[in-house]
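Here's a solo chain for you in structure tokens, the form predicted on its own.
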């Protein structure tokens, strides 16, 4: 006998990236920022009056909403704040999907999307990214194609841009066309947008069926406070406000996220360092014979010369370096490496050089 709903009993839950309790490792597996948050965060923490913690937080995160609206040239009514962007995703699924309806996403992509659909007892259609570079399937913007017909009744389509785990970007022109012809909600997950050379914000005022989500976890180095946000039309945000938990973002997180938005110079410096290290790592691995996808994120997706990514993953782990491996016919040829500090990446490259000398040159 089970007390659970049938779909919950049958499903596998989402598996987060490993958080090992070891101090001697180089941790490059969960796309965290390798640098600390803005120095202003330390000052802000000292100013928090513990007495405010006896009170519930502002239910709508109004101070933070106002700051986000000002920074991204929207109005406050276009912004919803959540307990991380995963909370935004959950709110969207609960808002737009009833049981036995249909959602869609690309594959490979963020593995939480199918899990949320399963929780809602909703079918999810997975559209494979094409070719060796995991590119956008162009026929998806052709309303007469079988591929488009396979998803045209979906209520919501999740698009990660830049994509995870590949780090690649769908061209804005394709995204624009897709938002024009797709009848449902296009949820554009831009967790890594700050590391890219463009984003989907120009489409927000052009299409009324778009939700764009962002997070403080990656570029702002604040994964531990769990704050994300959505930007969409006033109509969509008002509806999602009905569904969110009453006090979904705690007082301290609201305050610290607001402070982080103010330090734009520190953000730019951090982004420049990570993007520079990303290029250095990509170039070095290509020189070693790796296939490295053109990343626009804070990680790279790289395949060793022999395509045996699992073997390399285990070798790195045995040398106290943890990266991410995704089993599968296509993804199993790659490892995903979070961009760490220059020191961490230098150690990684030295370890990979030893691996190549030991296995590839035999």
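Computed from a predicted model, the values in this text were never measured in an experiment. Residue numbers count along the first chain shown, from 1.
The form predicted in complex with another copy of the chain is left out here; the points below concern that form.
- The stretch that touches another copy of the chain in the model of the complex, counting heavy atoms within 4.5 Å, is 31-39, out of 31-39, 299-307, 325-333, 63-71.
- For the options 275, 172, 252, 147, the residue carrying a heavy atom within 4.5 angstroms of another copy of the chain in the model of the complex is 252.
- Proximity to another copy of the chain in the model of the complex, taken as a non-hydrogen atom within 4.5 angstroms, holds for one residue of 203, 271, 243, 261, which is 243.
- Candidate site formed by 188, 213 and 291: none of these residues places a non-hydrogen atom within 4.5 angstroms of another copy of the chain in the model of the complex.
- For the chain shown alone, residue 87 is a contact residue for another copy of the chain in the model of the complex, at least one non-hydrogen atom being within 4.5 angstroms.
- When contacts are judged by a 4.5 Å heavy atom cut-off, residue 131 does not count as touching another copy of the chain in the model of the complex.
- Heavy atoms of residue 137 never reach within 4.5 Å of another copy of the chain in the model of the complex, leaving it off the interface.
- For residue 183, a non-hydrogen atom is located within 4.5 Å of another copy of the chain in the model of the complex, even though that partner is not displayed.
- Looking at 52-78, the residues that come within 4.5 Å of another copy of the chain in the model of the complex, counting any heavy atom, are 53, 54, 55, 56, 57, 59.
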